[in-house]
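In structure tokens, the next block holds one chain alone, the form predicted alone.
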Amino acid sequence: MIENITLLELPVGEHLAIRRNRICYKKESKALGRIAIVSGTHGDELEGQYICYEVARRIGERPECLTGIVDIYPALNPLGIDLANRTLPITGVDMNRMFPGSKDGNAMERIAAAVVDDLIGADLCIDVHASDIFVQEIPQVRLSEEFADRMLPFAKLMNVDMIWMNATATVHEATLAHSLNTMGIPAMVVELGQGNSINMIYGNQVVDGIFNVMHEMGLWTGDVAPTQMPAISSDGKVEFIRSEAEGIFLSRIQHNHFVSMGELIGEVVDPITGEVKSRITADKIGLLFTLRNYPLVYEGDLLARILTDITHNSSAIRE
């Protein structure tokens, strides 16, 4: 059942609605387990749109297998999605820095508060994000170490390639996931792909993980796909590789690849002179989980992230 969880009147006589699709084929009661899938907080992150669609589609094919409640919130920032804008239009405010919101605050703070209020009572919230337009991410769960003991068992079921513990942008106290965890509502962030695009292979991988979680929670009795054990950043160290020069970045390596020490990741070249201005190599062995796709770079721009000091035989690492 599709409902508006909040409806805000806009100055031009239109309305801004945040919608939820509640999927439940049994008589609703507090005894039923409940999982929430949230996306679209950033308007340029569209990977979650496919994941929401695919979860609803698969449930629709086997409704008799759903034994609990699945709440789908595909667009917390619908105006941003309409404009392919990461932040809230006009204000430029990052919605994922204004939770848990305030019922007595400005319009967007009231929307944030309404979202949190509607999520209260969920047994788990999966907050789906994508990268920006510049870099591509492998499917990963990002967790705060503060809540890792509770959330790590869920994260390991998600069929992702990596779990990044204590990713700074994810554990900010004003994010949705951090706010929910602080309130006692288990929540984790899934990040995959690239901004303004959809990678259906990555999306299907995460959807398989969501159904695996639902199965373990007793919400789904249907078959689930085999899942993999992720690499976990607590077993190693995340190394950031940034450009030392401006120019055009040409990657020389595949994403989601186990790199060797000294292996060439890419080059920054000058299209006017034909000169190679910088050669970027791996200083350590590890999993290349972030890789820049946008070619134009300036000094200091992020080119890659590598999870170092992990073993080559991790099931999350693909050749």
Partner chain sequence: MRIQEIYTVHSVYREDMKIRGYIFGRGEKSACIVGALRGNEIQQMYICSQLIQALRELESNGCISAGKQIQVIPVVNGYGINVGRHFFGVDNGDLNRAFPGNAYGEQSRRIAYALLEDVGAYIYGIQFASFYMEGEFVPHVRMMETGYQNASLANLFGLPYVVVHKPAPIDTSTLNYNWQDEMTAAFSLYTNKNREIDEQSARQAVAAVLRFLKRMGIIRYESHSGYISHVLYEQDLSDVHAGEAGIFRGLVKAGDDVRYGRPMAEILDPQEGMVRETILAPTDGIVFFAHTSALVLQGDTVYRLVHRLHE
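Numbering follows the first chain given and starts at 1. Throughout, rigid core stands for the largest set of C-alpha atoms superposing within 1.5 Å between the two forms. What you are looking at is a predicted structure, and each value in this text was computed from that prediction instead of being measured.
This protein has a second form, the form predicted in complex with its partner chain, left out of what is shown; the following refers to that one.
Report whether the minimum heavy atom distance between G121 and its partner chain in the model of the complex is within 4.5 Å. The answer is no: G121 has no heavy atom within 4.5 Å of its partner chain.
So, G105 and its partner chain: in the model of the complex, are they within 4.5 Å at any heavy atom pair? Taking the distances in the model of the complex, the answer for G105 is yes, it comes within 4.5 Å of its partner chain.
Check whether A174 has any heavy atom within 4.5 Å of a heavy atom of its partner chain in the model of the complex, and answer yes or no. Result yes; A174 sits at the interface with its partner chain in the model of the complex.
Is V93 a contact residue for its partner chain in the model of the complex, using a 4.5 Å heavy atom cut-off? Result yes; V93 sits at the interface with its partner chain in the model of the complex.
Pick the stretch from 145 to 153, 210 to 218, 96 to 104, 195 to 203 whose residues have a heavy atom within 4.5 Å of its partner chain in the model of the complex. Among the listed stretches, the partner-contacting one is 96 to 104.
Honest question, do L10, R242 and D301 all end up within 4.5 Å of its partner chain in the model of the complex by heavy atom distance? Every residue of the candidate spot has a heavy atom within 4.5 Å of its partner chain in the model of the complex.
Please tell me which of P186, G247, G80, P74 lies within 4.5 Å of its partner chain in the model of the complex, judged by heavy atoms. Of P186, G247, G80, P74, the residue with a heavy atom within 4.5 Å of its partner chain in the model of the complex is G247.
Exactly one residue in I310, C24, V297, I18 has a non-hydrogen atom within 4.5 Å of its partner chain in the model of the complex; which is it? None of the others qualify; the residue that does is V297.
For the stretch 109 to 133, return the residues whose heavy atoms include at least one within 4.5 Å of its partner chain in the model of the complex, in the order they occur. Result: E109, R110.
Superposed on the rigid core, does the Cα of P63 end up 2 angstroms or more away between this form and the one not shown? Result for P63: no, shift under 2 Å.
Comparing between this form and the one not shown on the rigid core, is the C-alpha shift at I272 2 Å or larger? Yes, the C-alpha position differs by at least 2 Å between this form and the one not shown.
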